[in-house]
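What follows is a single chain, given as structure tokens, in the form predicted on its own.
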Amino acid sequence: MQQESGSDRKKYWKVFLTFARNSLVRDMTFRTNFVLQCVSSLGWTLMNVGFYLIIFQYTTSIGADSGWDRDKFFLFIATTWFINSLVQAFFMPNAEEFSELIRTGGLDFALLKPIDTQFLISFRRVDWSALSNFAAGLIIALVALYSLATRQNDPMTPSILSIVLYIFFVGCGVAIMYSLMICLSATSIWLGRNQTLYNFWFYITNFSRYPMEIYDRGWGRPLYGFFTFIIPVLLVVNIPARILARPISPQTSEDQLLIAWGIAATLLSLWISRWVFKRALLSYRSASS
């Protein structure tokens, strides 16, 4: 395989911008539907905020001695919304339609295009309304950071380095989630119509929504090991949130190993997902054959 040149990468970027613009034009054609989708997403977010505020009326932290007090946990939740909103905006709509492309013969059309098939399948549509949760997460993160910075007993102001690392590992989290999603959607080629993508996605990613400290004891240890080293969804939110919230000193060897494994897991996940997708395409039989 020939390496892509700088001009090829620029073309891919232009294609993505075209997809994004066309999706925005389509969404703005039905503005009321777009607004209702945003309001629905924000309503779900506000209900979650209210739920956790009620919980923190009865406890000071999520997990005994975990370090995740109210402000730090809301940073964790904001990180979850950042990553999930990006995945739902840019990848989920396309992954959902993959089985329909197979059934209707649309995949034949995609394979004939002079562009990488995985790129075309992954970025054809953008759900702009899903980014409303990103905006909500940003507001909650800023409020949590302000509260942490003004605390009397334990003031905390994130450094420039921690913010840069946070953004980098949010990107790593999105890459891991995308890798998992493209693997699940590629199984449609082998299974026919994989209409249970959302079910699998919910069951697997549900473990990433909570701090990994609550799994690292007793019956949670098997889950901790499986979802950290086999399907690394626990790394997705925990690493960037730990860097920014610092519930435990980042100088410990455990945190350093976790960060190193997060980078390795991201690269490995992208490689495996690429291999699975290409392997699945080899098994594809044209709808016209």
Partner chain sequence: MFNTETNARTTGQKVGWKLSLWRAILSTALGERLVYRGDFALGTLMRFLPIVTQIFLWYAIFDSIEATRGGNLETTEIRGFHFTDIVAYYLLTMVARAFSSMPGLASGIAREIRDGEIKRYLIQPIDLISFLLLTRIAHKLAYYAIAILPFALVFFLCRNYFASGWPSWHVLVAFAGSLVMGFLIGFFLEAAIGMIGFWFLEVSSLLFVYMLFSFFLSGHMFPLTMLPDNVAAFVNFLPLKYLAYFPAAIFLGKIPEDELPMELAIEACWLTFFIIVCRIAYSRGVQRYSGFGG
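As the structure is a prediction and not an experimental result, all values here were calculated from the model. Residue numbers count along the first chain shown, from 1.
What comes next is about the form predicted together with the partner chain, which does not appear here.
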ask   = Based on heavy atom distances of at most 4.5 Å to the partner chain in the predicted bound form, which listed stretch, 236-244, 22-30, 257-265, 55-63, is the contact stretch?
value = 55-63
task = Go through 156, 143, 214, 111 and name the one with a heavy atom inside 4.5 Å of the partner chain in the predicted bound form.
result = 214
ask   = Given that the partner chain is left out here, which of 207, 128, 91, 134 has a heavy atom within 4.5 Å of it in the predicted bound form?
value = 207
request  = Would you check whether the partner chain, in the predicted bound form, lies within 4.5 angstroms of a non-hydrogen atom from each of 36, 43 and 219?
outcome  = yes
ask   = With the partner left out of view, is residue 168 within 4.5 angstroms of the partner chain in the predicted bound form by any non-hydrogen atom?
value = no
query = Though only this chain appears here, would residue 119 touch the partner chain in the predicted bound form if you measure heavy atom gaps against 4.5 Å?
reply = no
ask   = Does the partner chain come within 4.5 Å of any heavy atom of residue 230 in the predicted bound form?
value = no
ask   = Does residue 203 reach the partner chain in the predicted bound form, with heavy atoms at most 4.5 Å apart?
value = yes
request  = Output the sequence-ordered list of residues from 94-118 with at least one heavy atom within 4.5 Å of the partner chain in the predicted bound form.
outcome  = none
